[in-house]
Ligand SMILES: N[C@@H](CCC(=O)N[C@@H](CS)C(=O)NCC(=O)O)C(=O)O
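Below you will find one chain, with nothing else, as structure tokens; this is the form predicted alone, and questions on how it binds or moves follow later.
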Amino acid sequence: MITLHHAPQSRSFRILWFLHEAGLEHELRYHSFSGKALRDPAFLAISPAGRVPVVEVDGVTLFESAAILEYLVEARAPGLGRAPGHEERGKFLEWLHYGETIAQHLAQLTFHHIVLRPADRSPVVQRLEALRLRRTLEGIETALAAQDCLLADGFSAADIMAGSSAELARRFVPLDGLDRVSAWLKRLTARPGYRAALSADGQAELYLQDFYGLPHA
């Protein structure tokens, strides 16, 4: 049994989506961003930064999304990865970790739009991070010029990792002019694995608006 420590609308959605795509039996342990659960010593013992996801599998406890996905691909779902020696192995790893590049800008925007009090928010940071986030999506737009997925051989965990971050990016940057990204996200979010994960995600706590626009100059 795989146990996933999960919070709705968080990075752990990547793992939840992967588990459904791979058809892997799992148990969900829900955590909330409110209160002190993620700062409890028992949770910090398995997640030093007090963050989700955390996965318990094969007698091992793992944190960090990309590490979890690499492990689960190799141990349980090789069809969603590219094995060492495969010609797309390097690109697979590159795009897998690109999802976290997108997420670091999402984290800044989430902090300044949602977490901080309005008086403490920085319009400069909001504009800068929105620009940086847009540029990460432009990189995906270029990569999709000749293919439907991030890898030429088709759908993989790299699409899950980067796609989950890109789908959240919609809340902060318009996708105008990013037609290939928009079509890619439409294909990804229509997948049965994604829909099943979304149904299991839990009650929204973070993103209560569809879009968080930039402050007026």
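All of these numbers come straight from a predicted model, not from anything done at the bench. Start at 1 and count along the sequence shown; that's the residue number.
Form predicted in complex with the named molecule: not shown, discussed below.
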* Contact stretch among 61-69, 146-154, 184-192, 22-30 - heavy atom within 4.5 Å of the named molecule in the model of the complex -> 61-69
* in the model of the complex, the one of 46, 57, 38, 175 near the named molecule [non-hydrogen atom within 4.5 angstroms] -> 38
* Considering only heavy atoms, tell me if residue 51 and the named molecule come within 4.5 Å of each other in the model of the complex. => yes
* Heavy atom to heavy atom, is residue 100 within 4.5 Å of the named molecule in the model of the complex? -> yes
* Asked: What residues, if any, in 4-35 have a non-hydrogen atom within 4.5 angstroms of the named molecule in the model of the complex?
  -> 10, 11, 14, 33
